[in-house]
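Before any questions on how it binds or moves, here is one chain, the form predicted on its own, in structure tokens.
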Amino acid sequence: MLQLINGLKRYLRQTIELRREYRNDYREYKRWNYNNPGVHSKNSFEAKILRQAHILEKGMALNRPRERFGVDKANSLIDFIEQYEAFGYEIDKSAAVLNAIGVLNAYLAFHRERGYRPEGLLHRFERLQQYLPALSGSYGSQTVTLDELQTKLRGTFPDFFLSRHSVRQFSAQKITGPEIRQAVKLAMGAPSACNRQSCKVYFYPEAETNRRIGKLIAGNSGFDPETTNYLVITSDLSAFYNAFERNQVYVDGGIFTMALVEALHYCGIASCILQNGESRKKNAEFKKICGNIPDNEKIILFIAVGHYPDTVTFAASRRKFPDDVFIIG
């Protein structure tokens, strides 16, 4: 009896702690997410700018981009850059903003080559052209051949690692279960919390299942029609035990996914990670479509997969300066 009472007390303490920690999570996220009008940090502006620029990059990396796409998005990007300046941040010291200017320049050239000139946007961009001489390399999108990719796949580690990109163009060659299994076996070497290996990969060969999954996924507009297969990555909530580990499903899921997309790349399979923004209703719909994901498994994200085409165009997605990421002391 004493053991039962102590067990109930321990469970009650853990429940109270869990509620307290989730309440704190809510307060922190409410305070610091960049849609909070009171958040004006350099990082928050750069996050907005990077996200908005990536929308334009993705459009330029599609097989069949929508005609005259993205003018409103490009104008919003300039709005964000102007807000960044208004709070006293310097453009030439931000890789994120310089990237955005490079993307805007590539975006305007993309339309110019197709006979379209968005005059209002061109006028707004004139002031930002002073920063173009400082830019080098590719912005917006890049194109490589399959032969070039395969050479890097068997090259040095930096060649291999940096040759993997989110791909939104796939060949007509069908993906098979054994091919995915080979990559999953490699990805299982990824570290996990106390080696609990909470992650699973769900693969559905049926076209209708993938079509229904694709209709619900956010972020795959424009290339969903040519994506024939999605992987569903989950992490098991029952692998963790208290409030301290409440977010470990996402940590384990993220680490495993990075290993998996690199393993897919090594196996000659293109991929694009697609986030699963938390929505109780949508997650229930996903699980209903899939039909075999148990309640104790959290859907972490999705991966669009397919074979590389002979020539592939992908978003350049330039990175921040290393000193923005690596901080000493």
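The model shown is predicted, which means the values in this text are computed figures rather than measured ones. Quick note: we count residues from 1 along the sequence shown, nothing fancier.
Keep in mind that the form predicted in complex with a small molecule is not shown, yet the notes after this line are about it.
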Does the small molecule get within 4.5 angstroms of any non-hydrogen atom of residue 313 in the predicted complex?
no
Examine residue 219 and determine whether its closest non-hydrogen atom to the small molecule in the predicted complex is within 4.5 angstroms.
yes
With the cut-off set at 4.5 Å between non-hydrogen atoms, does residue 56 touch the small molecule in the predicted complex?
no
Contact of residue 223 with the small molecule in the predicted complex (heavy atom, 4.5 Å)
yes
Tell me, out of 210, 166, 248, 234, which residue has a non-hydrogen atom within 4.5 angstroms of the small molecule in the predicted complex.
166
Which residue, 269, 49, 301, 60, has a heavy atom that falls within 4.5 Å of the small molecule in the predicted complex?
301
Contact segment among 39-47, 23-31, 289-297, 269-277, judged by heavy atoms lying within 4.5 Å of the small molecule in the predicted complex:
269-277
